[in-house]
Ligand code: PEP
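Here you get one chain, nothing else, as structure tokens; it is the form predicted alone.
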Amino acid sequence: MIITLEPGANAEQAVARIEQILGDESGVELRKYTFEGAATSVVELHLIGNTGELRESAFAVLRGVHKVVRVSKKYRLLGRPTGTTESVGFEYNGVHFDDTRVTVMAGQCAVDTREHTAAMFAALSEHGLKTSRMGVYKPRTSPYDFQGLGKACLPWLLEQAAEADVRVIAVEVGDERHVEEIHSAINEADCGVGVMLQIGTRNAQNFELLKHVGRQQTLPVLFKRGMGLTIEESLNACEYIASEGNSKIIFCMRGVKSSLGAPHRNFVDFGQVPVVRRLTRLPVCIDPSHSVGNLDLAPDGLPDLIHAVGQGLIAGASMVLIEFHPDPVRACCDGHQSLEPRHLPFLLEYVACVRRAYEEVIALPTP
């Protein structure tokens, strides 16, 4: 059962009244969750356990209660209540992540040298971007491929980001140790740069890792759909994170493993962006780099990768996670699918054009 409070209601008083109704022997646990919307915050009180004997009317009449609903859906925390369209997202380190705008997180698949990273941050700074992707720990298919520089690069990576006024960088983590190393590096650097923890496709069902990033509520999470997982399986993985207390999650679509996607690296799944938005309150990100996996040109002169960006944005995605490198030939990871800083102005204008088209379309009268 979920009890939603009126905006501005006294949550502490509501909790106290509900606990009185439940009593000490009910066996029902009460958990409070706050969801940040575009305009207001929504406070929900979740009653977990055997609620079959509880009457909804007993809670609906309490002061400050907006509505009471019984939950039958699988995504208790992240599911979008039926009939609601309000934008829900979150703010982190001065950057807003929600579906009222598009955020571009451009950067390197894997940090390799200080010079390359400095050049990438300089390009982002020139165009006013406050977010970036920077791989530090890189799980690879082969144990002999470049695995990333690890925690050794975190101090200077954060310092360079601060100098470029980049506020948030996405860093993939593979185990609990990586999370703790990032926390320590942020605290030691104390330079105003935040990290978004990225759960890569290979760890999409690493449930202990999911629970760990959920228990820490300081850093938000960018969750990548598992390469061979259904939408339901992937959303349940996100629910693992939220159930531990961290609801600042972005769902990223990065293509699914299938020979039907050839010659692309994966089968582009951006047609399911509206599905995730309908089922959940999560902002949706697209990763065209790993979906397409090359820079081959279409007859119109645009790379397939750029067309994939448009496919995701016209479907309602609100973030683009995309790979760049100042010198792709020398990149230690995925240089063949990385754009160069000189492509950044075109990409940003393209994103703006498609977003305008999306906003015009959703403003049209519906039949």
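Small disclaimer: the values here were computed from a predicted structure and weren't measured. Residue positions are given as counts along the sequence shown, with the first one as 1.
In what follows, reference is made to the form predicted together with ligand PEP, a form of this protein that is not presented.
When contacts are judged by a 4.5 Å heavy atom cut-off, Arg254 counts as touching ligand PEP in the predicted complex.
Put simply, Arg76 is far from ligand PEP in the predicted complex: not one heavy atom of it is within 4.5 Å. Looking at Gly194, you'd find every heavy atom of it more than 4.5 angstroms from ligand PEP in the predicted complex. Contact annotation for Arg278: none of its heavy atoms lies within 4.5 Å of ligand PEP in the predicted complex. Taken together, Arg31, Arg80 and Glu239 are entirely out of contact with ligand PEP in the predicted complex: none brings a heavy atom within 4.5 Å. Among Thr117, Ser132, Ser247, Gln198, the residue placing a heavy atom within 4.5 Å of ligand PEP in the predicted complex is Gln198. Per the 4.5 Å heavy atom criterion, ligand PEP in the predicted complex is contacted by stretch 132-140, the sole one of 239-247, 145-153, 132-140, 88-96. Of all the residues from 285-320, those having a non-hydrogen atom no more than 4.5 Å from ligand PEP in the predicted complex are Asp287, His290.
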